[in-house]
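To begin, one chain is listed below as structure tokens, in the form predicted alone.
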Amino acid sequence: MPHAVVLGAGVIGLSTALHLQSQSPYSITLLARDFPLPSETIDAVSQINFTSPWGGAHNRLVPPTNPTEEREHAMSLRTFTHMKTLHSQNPGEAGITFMKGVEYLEAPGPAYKELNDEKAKSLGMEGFRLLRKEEYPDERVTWGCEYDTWCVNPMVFCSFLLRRFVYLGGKVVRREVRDPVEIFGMRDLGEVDVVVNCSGNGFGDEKVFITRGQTCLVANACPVTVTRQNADGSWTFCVPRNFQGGTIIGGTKEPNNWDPNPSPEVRAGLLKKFAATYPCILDSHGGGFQVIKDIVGRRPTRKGGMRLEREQLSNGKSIVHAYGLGGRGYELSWGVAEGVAELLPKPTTRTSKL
């Protein structure tokens, strides 16, 4: 049987490994330096580059305006469908919650202004409704909507995917590599035909850069996901994690900022802005926030969008690259996994199934 090694155990690596396990002719090994753990036990400093535990982990409406965005939108719809299936089959185990997503925009672009029931339906958005002006939080908001969406508790969800992969016969190896090519020479893995690079690391790709994000995890519950686009280009949002995981309040996007230390001033600003946007989040905690922790993460981002392509090596082996999604790893994950499956080379006679 042909053998593929998936490099990286973040949400993209886990989704890809599980999808290939059931939808490809390859046996699958998952190899990574970091694996899912309860977020309470993860060292926020030493594992700052393991992005998935710190993600907001939800799906938000992004009307496509160019070919790259159209490709990503199609992936988000496939992910939405897959999340529905996982949730229905494992409602109390997978860490997925379906709820309303609310959008408030101060400076909406043409793609948002054109949205109506018919357009939203054509985009595959379920439960879409334009908000009335009296539903806006303040006069600076000029456009708003709600729609059906999902969010996940990252560590419940990622641990669920890892357990499912192992239960179905997948092999897991903890290893750090400096280049995907190394994996072909690891004798303990046996013959490796393909490496799937889901590490988030471009390994020399000049288009890759990190985007620092600071958010705050609070104990306050929220019944919806909320995203607000501010006129200055910043964002105010919340993503409920549920499953006793609190709510993420965010957030910042800071390209090429490697500072691992959270700023108390930034936290105060994030909480103040969100409380003004959605004040009922304070109701369950006496009119304030119960802060659990500040979070700083590094999102691997790529100029021009994700890299999803196959690289053919001179020795006849292949590397399929799937990285550089920025902050959209969760919402595009199953679409990316399907894309990887389409890129795998057909097995040779030596490795074909009996």
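Everything quoted here is computed from the prediction, not taken from an experiment. All residue numbers are counted from 1 along the displayed sequence.
Unshown form predicted together with a small molecule; subsequent notes refer to it.
Stretch-level contact analysis of 65-73, 282-290, 25-33, 307-315 against the small molecule in the model of the complex, using heavy atoms and a 4.5 Å limit, identifies 25-33. Under a 4.5 angstroms non-hydrogen atom cutoff, the small molecule in the model of the complex has Val177 among its neighbouring residues. When the small molecule is considered in the model of the complex, Phe184 lies well away from it, no heavy atom lying within 4.5 Å.
The shortest heavy atom separation between Cys198 and the small molecule in the model of the complex is within 4.5 Å.
Within this chain, Ala337 is remote from the site of the small molecule in the model of the complex, having no heavy atom within 4.5 Å.
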